[in-house]
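A single chain, nothing else alongside it, follows as structure tokens in the form predicted alone.
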Amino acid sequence: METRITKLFGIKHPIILPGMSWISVPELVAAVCNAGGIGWLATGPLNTEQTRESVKKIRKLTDKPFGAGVTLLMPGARENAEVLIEEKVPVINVSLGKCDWIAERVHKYGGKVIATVTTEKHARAAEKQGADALQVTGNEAAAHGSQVTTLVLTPAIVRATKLPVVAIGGFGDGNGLAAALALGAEAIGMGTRLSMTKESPVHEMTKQAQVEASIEDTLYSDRFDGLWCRVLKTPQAKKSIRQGINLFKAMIEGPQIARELKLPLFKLMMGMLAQPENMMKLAHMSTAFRKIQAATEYGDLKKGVHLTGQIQGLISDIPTVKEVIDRTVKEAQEAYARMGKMMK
């Protein structure tokens, strides 16, 4: 199966592992790359030393192309981006910020940049800023997706730019891959599906909770971490959304998180004051940080909140990454053969 995305990134299958904090770790990224797809290392929870070590670890685990993500709104993202550029990571996924300065430097060593967007306006802007491809995240996706569904958002952005599109949100099998290609996308991201595999670091209790959940068992709100975000429906998730931000807790945990990421607290505070519109978002994120980690790493759904997509309701097993990707490609081929017969 060959598309502009497979040719751009030098991969066999048009399947992407998005950069999910505490999930898209070196082992899972490498497993996806070795199976013919490509994955983005999640650098959000990492300091610069951890980011560099993670890149080196991926290179030990695979000789295939790989990528890494930077969420520019997050503290420490620019520093992590510098590390990725120094390490000449083949693909950098940029979200929540302008990619122009990253694209300019990445292109100098022959790398590629894919920008995550949720609107036509942002898609056109990313194209002008030098992005090589777009990662389009629809409403069905885990975490920060658009308020527009993937079914509508994908063709809208395909029409809005000339860049190849990776569609994310609601994809977990070959029927979804076939549908995305029909909509004009040239690859899919399967975050929730690939997070529910044997190689995924997600705690087994959380994986099982997702297997047991239905397509309706998610919540979508901007009161959890300050951005519109989809999470697994649990009593704790409902409580977190109902309560909204706890400024007192944010004041306590923010500095602790800054220390873990090895960020000077003064620099963090000055950055927040320089961009007051982002101050509340960062405060929300600091309180959400621990809850996401608790659910993902420790399986604590009583205190933690897990990010998941609506596709969870169509997932009933926890196979290997290779099994997922091989099955997805086979199902997509079968879907196109079946549709071909219908067109006669």
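All of these numbers come straight from a predicted model, not from anything done at the bench. From 1 onward, residues are counted along the sequence shown.
Quick note: we don't show the form predicted together with a small molecule, though the next part is all about it.
message: Which is the contacting stretch out of 151 to 159, 78 to 86, 120 to 128, 190 to 198, given heavy atoms within 4.5 Å of the small molecule in the predicted bound form?
response: Selected range: 190 to 198.
message: At 4.5 Å between heavy atoms, is L46 in contact with the small molecule in the predicted bound form?
response: No.
message: Using a 4.5 angstroms cut-off on non-hydrogen atoms, would L307 count as touching the small molecule in the predicted bound form?
response: Residue-level check for L307: yes, a contact with the small molecule.
message: Given that the small molecule is not shown alongside this chain, does V166 nevertheless sit within 4.5 Å of it in the predicted bound form, heavy atom to heavy atom?
response: Result no; V166 lies far from the small molecule in the predicted bound form.
message: in the predicted bound form, does F224 come within 4.5 Å of the small molecule, counting heavy atoms only?
response: Flag for F224 set to no.
query: Though the small molecule is not shown, can you say which of A288, V55, A31, I311 has a heavy atom within 4.5 Å of it in the predicted bound form?
result: It is I311.
Contact assignment for the small molecule in the predicted bound form, among A185, L177, A115, A141, heavy atom within 4.5 Å: Exactly one residue meets the criterion: A141.
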